[in-house]
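Listed next as structure tokens: two forms of one protein chain, kept apart as structure 1 and structure 2.
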Structure 1
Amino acid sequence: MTRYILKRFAQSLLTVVLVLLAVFMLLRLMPTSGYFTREDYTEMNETARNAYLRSLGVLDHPLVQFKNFIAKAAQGDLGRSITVYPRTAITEIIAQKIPYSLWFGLAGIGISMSLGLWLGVLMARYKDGLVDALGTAYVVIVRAVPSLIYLFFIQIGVSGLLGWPMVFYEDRALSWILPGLSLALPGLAWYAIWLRRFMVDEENKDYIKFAVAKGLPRGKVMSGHVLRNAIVPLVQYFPVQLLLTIAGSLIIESIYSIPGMGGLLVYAIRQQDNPLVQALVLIYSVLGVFGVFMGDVLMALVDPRIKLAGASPEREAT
């Protein structure tokens, strides 16, 4: 077990380094004008610009820069934003934005998990019935129609119908409901469809037939055996979902004007704010990779059938 965890950890670390290195090198291909605010760029002459770039360390060998960036990041210094929020420390920007994304994200996970698992159980219990058909229709719409479209119609439709505020206001709790629910929709569909599928698979297994043949009541078989085993493959994805709530949802935060993390990376990329892009990619890849790592470890803990040496679990939800 310890060996498995250590091996996966080393693998994750390597991934983070590779991703960062790739992004870091790609950003070196960008024009250096991204290191100036617009006023600075027009005011400075060629020599002043070069001196400024040298003081930032941008003219060093890229690998030296990479080493410096990692060393600073390890001390909690992610550098300063240049074009998006001129001269503001990135840690400060993030600290202001994370709470919005985090709270909405947690609410979304809470709703999608509780309702999604419940819907999944109902769909499996009444397979081929009305609930199953309605649930499937919901899942198909959420998974096949681009989210921007249905989220937009929900925003317009529901706020119009109930007279709720259309965008997010910090001091009006009523305006928190729609974004929270919208965030839960894809996750809800995901939990429902996979739990249903795994429960149906599980129900057809011999040990379940045996339990039923022995006379165990159906409810007990469902909750004690079917549900318990069907939920195992879903556990793997929980840590990464939890950690990536910090990244926020681009579309939802944008249509409801929530000042969270959602659009920050896109905005930073479009404004060529290289330090901000680097810092955000660092955070997102560390969280993403660490989440997958935690998921694998959790999976190995929960499911005794997993061969610790081999990588691939038998069932996979995607």
Structure 2
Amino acid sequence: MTRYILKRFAQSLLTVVLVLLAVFMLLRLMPTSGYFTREDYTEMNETARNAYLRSLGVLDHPLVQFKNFIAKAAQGDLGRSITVYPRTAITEIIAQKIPYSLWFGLAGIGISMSLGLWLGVLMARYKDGLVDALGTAYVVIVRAVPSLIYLFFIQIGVSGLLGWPMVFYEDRALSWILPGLSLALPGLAWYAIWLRRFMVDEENKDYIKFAVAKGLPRGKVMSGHVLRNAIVPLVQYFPVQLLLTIAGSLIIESIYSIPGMGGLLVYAIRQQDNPLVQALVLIYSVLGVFGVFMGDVLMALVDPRIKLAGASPEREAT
């Protein structure tokens, strides 16, 4: 187990480095005007601009810049914002933004897991019935329609129908509901459809048919055998839920004007604030890859049928 975890951790670390390197190099193709505030850029002449860029290390070889960025990031120094929050330490900016993204992200994951599993159980329990048809229709809409379209209708429709605020207000609890629910919609659909599939597959297995033939109550068979075994494969898809939440936060925070990291990343890209973009991409890539890593480890822990790397021949033979 230890060898497997270390191997997956090394692979995850390499993935983060490669993702960050790709983004870092792409940002180097952007105009250097993104390293200046508007006032500084108009007031400086060409010589002063080059001297300023040289002081930032922007004129160094891209690989040298990347090495310096990684070295400083390892020490907790993510640089300073240039155009969004001029000359403000990025760590200070993130410290102010991360609580919003964290709490809405946790709320989205909690809502999607609880409601998604509940809906999946109902769809499997009443397969080919009205509940299953309605649940399938919901899943198809969420997965087939671009998220901006149905999120727009939810924001306008629910706000107009119930009188809830259309944007986020920190001092108005009603304005927290729509963003949390909107963030949970993709994950909810995902959990529902996959749990339904796994439960239907389990129901068709011989041991379930044997249990029913013995006279065990259907409810006990569904909860004690079908549901219990169907949930195990869902563990490996936890990273997908985390990635959906991260991706969704970029849209949800922008739509509802939530002052979190998702909206900040979108705005930083628009303002060509390269240091801030690099720092946020680093954080999001670490979260995404860490989610995949944890999904692999959890799957290995909950499913004894998985053979871990380094297992002895005797264990594999058994």
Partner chain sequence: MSDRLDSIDRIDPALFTPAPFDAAEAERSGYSRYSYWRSTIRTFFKSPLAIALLALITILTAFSFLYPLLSRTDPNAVALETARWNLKPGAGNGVFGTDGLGRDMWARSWHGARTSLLLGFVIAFIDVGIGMIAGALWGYVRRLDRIMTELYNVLTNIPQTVVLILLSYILRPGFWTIVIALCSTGWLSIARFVRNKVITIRDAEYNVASRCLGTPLSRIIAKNVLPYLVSIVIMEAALTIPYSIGAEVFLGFIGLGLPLDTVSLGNLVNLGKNNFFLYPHQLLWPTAVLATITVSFYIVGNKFADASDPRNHV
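Take the two forms, superpose them, and find the largest set of C-alpha atoms that agree within 1.5 Å; that set is the rigid core. Numbering runs along the sequence of structure 1, starting at 1. Computed from a predicted model, the values in this text were never measured in an experiment.
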Mind telling me which structure is the form predicted in complex with its partner chain? 1
Could you check whether the CA atom of S257 moves 2 Å or more between structure 1 and structure 2, using the rigid core for the fit? no
Once the two forms are overlaid on the core, the CA atom of L63 shifts between structure 1 and structure 2, in angstrom, by 3.1
